[in-house]
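Only one chain is shown below, in structure tokens, and it's the form predicted on its own.
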């Protein structure tokens, strides 16, 4: 009876996944090996991929994607760990601080971009006012239109939007560490840094490893904030592979070439995720072995 009920409940889920997940992926892969001209579709094999190999814009977007992904993994985990350690301390108003910590993560993307656009405005933006305090900075900084600065501005925006998730997850991992371990370490004369290295860090390494995988996936597929803020510009400075795929498909209407880029992006994301997972398992296994030997 229960088995039949479970099967009936699975049918809508499988239909939904097949229609909105599996079919678009399969259709996209098929389009990558085709070419459509004047409404006529023909099979061209690897022609789109050969074109991609000789496309400097594609390779520039790949480089930008990995630079952005690496930067976001480091920034999200570092900022998340720092904020989690601070909010894990006992101080007055800690519950209120933890509550407002999730606000950036809850704000939709469009208000986030609008807020940062105002803050980064070269005429009256607050970040320009702060930058003017730095010796040697006397001109209006074009954050979103100057080379290199636009990339930094995107990192700041995406970091602010996503760090609460990592902070809250790391904070929950910190609170799961038994207080008896810290008390025993204090009795043995261990200082703050020693307690962090011997107790805190080994305890949260599995969580950090999992969050590194999630940070890689989220940053690799980041689109909305980048597109709304810079559209991939200036030039190709903030054009990740997600931005390039969108432009090829919906700006130049080259759906086949965009599909081939999407296939390559999917493969890179899968390979990167597998590498992160393998690294995570090795780190956890090493920690368990060290704990067992200890």
Partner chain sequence: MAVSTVAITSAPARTPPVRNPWPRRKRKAKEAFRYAVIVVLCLVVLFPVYWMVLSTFQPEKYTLTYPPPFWLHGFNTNAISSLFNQQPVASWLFHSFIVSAVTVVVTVVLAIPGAYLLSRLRFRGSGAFAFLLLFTQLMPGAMIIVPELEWFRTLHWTNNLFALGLVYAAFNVPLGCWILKSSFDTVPNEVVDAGYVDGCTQLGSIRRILLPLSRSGLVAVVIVAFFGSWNDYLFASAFLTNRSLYTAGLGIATFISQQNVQLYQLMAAGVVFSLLPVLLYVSVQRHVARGLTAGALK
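What we label the rigid core is the largest C-alpha set whose atoms superpose within 1.5 Å from one form to the other. The model shown is predicted, which means the values in this text are computed figures rather than measured ones. Residue numbers count along the first chain shown, from 1.
What comes next is about the form predicted in complex with its partner chain, which is not displayed.
Enquirer: Report whether the minimum heavy atom distance between residue 143 and its partner chain in the predicted bound form is within 4.5 Å.
Expert: Taking the distances in the predicted bound form, the answer for residue 143 is no, it never comes within 4.5 Å of its partner chain.
Enquirer: Just checking whether residue 250 would be counted as a contact of its partner chain in the predicted bound form - the rule being heavy atoms within 4.5 angstroms.
Expert: Yes, residue 250 is a contact residue.
Enquirer: Please run the contact check for residue 148 against its partner chain in the predicted bound form: heavy atoms, 4.5 angstroms, yes or no?
Expert: Judged by the heavy-atom cut-off of 4.5 Å, residue 148 is well away from its partner chain in the predicted bound form.
Enquirer: I'd like to know if residue 124 sits close to its partner chain in the predicted bound form, meaning any non-hydrogen atom pair within 4.5 angstroms.
Expert: Judged by the heavy-atom cut-off of 4.5 Å, residue 124 is in contact with its partner chain in the predicted bound form.
Enquirer: Could you check which residue among 176, 74, 130, 152 gets a heavy atom within 4.5 Å of its partner chain in the predicted bound form?
Expert: It is 130.
Enquirer: Which listed residue (66, 58, 255, 49) meets the criterion of a heavy atom within 4.5 Å of its partner chain in the predicted bound form?
Expert: Selected option: 255.
Enquirer: Can you tell me which residues in 9-48 come within 4.5 angstroms of its partner chain in the predicted bound form, by heavy atoms?
Expert: Read in sequence order, the residues that approach its partner chain (within 4.5 Å, in the predicted bound form) are 9, 10, 12, 13, 14, 16, 17, 19, 20, 21, 22, 23, 24, 25, 27, 28, 31.
Enquirer: Once the two forms are fit on the core, has residue 19 moved its CA by at least 2 Å between the shown form and the other one?
Expert: Superposed on the core, residue 19 moves its C-alpha less than 2 Å between the shown form and the other one.
Enquirer: Since the Cα-Cα distance for residue 275 and residue 210 shifts by 3 angstroms or more in the predicted bound form, is it a contraction (closer) or an expansion (farther)?
Expert: Compared with the form shown here, the C-alpha atoms of residue 275 and residue 210 sit closer together in the predicted bound form, by 3 Å or more.
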